[in-house]
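For reference, the chain that follows is the form predicted on its own, supplied as C-alpha cells.
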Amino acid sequence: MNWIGIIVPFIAVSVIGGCVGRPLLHPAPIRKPLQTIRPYNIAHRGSNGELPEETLAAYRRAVQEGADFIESDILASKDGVLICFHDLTLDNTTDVAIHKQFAHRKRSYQVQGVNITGWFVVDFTFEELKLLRVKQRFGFRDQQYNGKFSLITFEEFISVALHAKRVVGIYPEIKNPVFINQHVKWSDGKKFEDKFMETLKKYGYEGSYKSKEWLKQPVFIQSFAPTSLTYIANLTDLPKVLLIADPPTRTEDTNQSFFEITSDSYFNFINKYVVGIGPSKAAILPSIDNHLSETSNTGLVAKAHAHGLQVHPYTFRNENLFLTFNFKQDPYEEYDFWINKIEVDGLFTDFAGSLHNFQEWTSEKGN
C-alpha cells in the first residue's frame, strides 16, 4: 500500500488546518458509538510511531487509523495553560535549543529526588511555547515531519475527539502533579487537578464508566500519583486509572513501592476510586534475555481482575527493538499474546493502525 499517498495529503490538511486552531464546543450530532466488546485501542500520544508525539497531526492520524481512545500527558505552562506534552523538559522533543532568546532559561530542578537540568515547561508561557516546534522522539523513526507542528493545549486535544466522525474517547494523564503544583500557581488559588477537571467539565465530560453520559463522550483519567486520583474522586465520577511504573520506581506523591501499590490490601483500597490500573508490560511479565516466560508472570493481571480492576498495559511498539524474541519480529504476534493469553482490557500503542488492523482481522476470522 502507498502510505505516502495517504500521509502527505493528511499532513497538509493538518498543517494548514491548524496547529493553533480554536476548539469547537459541539460534536457532530450522530456518530458511530465506541466499541466496548474488545480490548481498547489506546493511541499513546497519538499515532506517534508515524508522527511527532502529542501533536494535532498525530491525534488526527490515530483517529483516522481506528483508535478507540487518544491518550495525552497534561502539563501546565508558566501562566497556567494546560498543554499536551510528556516530558517536564522541552529538550528531547522540541527545537528549543535553537531558539537563542531562550538560552538563559535552562534550569536545574529536583524531580522525585533527582537533579534534572534542561528547559522546563513551567518556565515558559504558553505564547512562548507556541514558538517552538515538535520533533520525533526516536531517531530511528520518520524525521520528515520534525519542525512542522507546534505544541497544543488540552482543549485542542479534546476538540480532536469531539469532532471525529465517530465516538472517540480521550485518555488524559495528570502528569507530574507534585512538580506542577510546586511551580505553577493559579490566581484563584486552585490546584492543577482542579484546572484539569474544570477543562473536562467545560466540554461536557461526565458520568461513571459505561453510563449513558460516558458513552457519549468517553474518558479515562490516568495518573501515576494516587493522591491526585483520590482527590478528583471528590470532584467527578468519571473513571480513573492508576498508572504503575516498573518495580524499582516509587510513587511521586506517596513514596510507595511497586509491591505496596500492587498488594491485595492496596487494591482493596484503591478500587473505591479507580476502575483499572495501567502498568508497564514489564510489571506484568518481565523479559529475561529478551525472552518472555510464563514462569516470570507476576500474576498482576489476575490479581487486578480479581479485585474488579481493568488492566491497560503500556507501551506497544512495532519496531523489532521493542519486540522480544518470542514474537519473531511480528507485532501481531505480540498483540495476540497479550490480548488472548494475558487477557488485558486495553493496550497503549504507538501504532494505533496496527492494533486496529489486528483486531479487525481476528474479528473477521471469528477469534
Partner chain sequence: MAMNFRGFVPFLCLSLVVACAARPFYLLPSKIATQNRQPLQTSRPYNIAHRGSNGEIPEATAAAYMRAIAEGADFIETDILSSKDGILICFHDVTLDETTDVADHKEFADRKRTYDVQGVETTGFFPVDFTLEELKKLRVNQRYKFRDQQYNGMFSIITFEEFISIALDAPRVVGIYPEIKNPVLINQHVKWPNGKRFEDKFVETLEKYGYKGSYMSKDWLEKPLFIQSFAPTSLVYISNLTDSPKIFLIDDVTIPTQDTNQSYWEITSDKYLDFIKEYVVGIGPWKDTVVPVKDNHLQPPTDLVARAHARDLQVHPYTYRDENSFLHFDFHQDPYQEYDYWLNEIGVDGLFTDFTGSLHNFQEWTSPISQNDGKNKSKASRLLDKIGLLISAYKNG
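Quantities reported herein were computed from a predicted structural model and do not represent experimental measurements. Positions refer to the first chain, counted from 1.
What comes next is about the form predicted together with the partner chain, which is not displayed.
Contact of Q310 with the partner chain in the predicted bound form (heavy atom, 4.5 Å): Q310: no contact with the partner chain in the predicted bound form.
Taking any heavy atom pair closer than or equal to 4.5 Å as contact, tell me whether K341 reaches the partner chain in the predicted bound form. No, no contact at 4.5 Å.
Within 4.5 Å, heavy atoms only: does F337 come near the partner chain in the predicted bound form? Outside the cut-off, so no.
Does at least one non-hydrogen atom of H44 fall within 4.5 angstroms of the partner chain in the predicted bound form? Result no; H44 lies far from the partner chain in the predicted bound form.
Looking at the partner chain in the predicted bound form, is some heavy atom of each of R141, H291 and K328 within 4.5 Å of it? Every listed residue reaches the partner chain in the predicted bound form, so yes.
Within 4.5 Å, heavy atoms only, which of N320, Q35, T315, T298 is in contact with the partner chain in the predicted bound form? That would be N320.
Tell me which stretch of 66 to 74, 48 to 56, 299 to 307, 35 to 43 has a heavy atom within 4.5 angstroms of the partner chain in the predicted bound form. Only one stretch qualifies here: 48 to 56.
Determine the residues of 327 to 358 with a heavy atom within 4.5 Å of the partner chain in the predicted bound form and present them in sequence order; the list may be empty. Residues within 4.5 Å: K328, Q329, D330, P331, Y332, E333, F351, S354, N357, F358.
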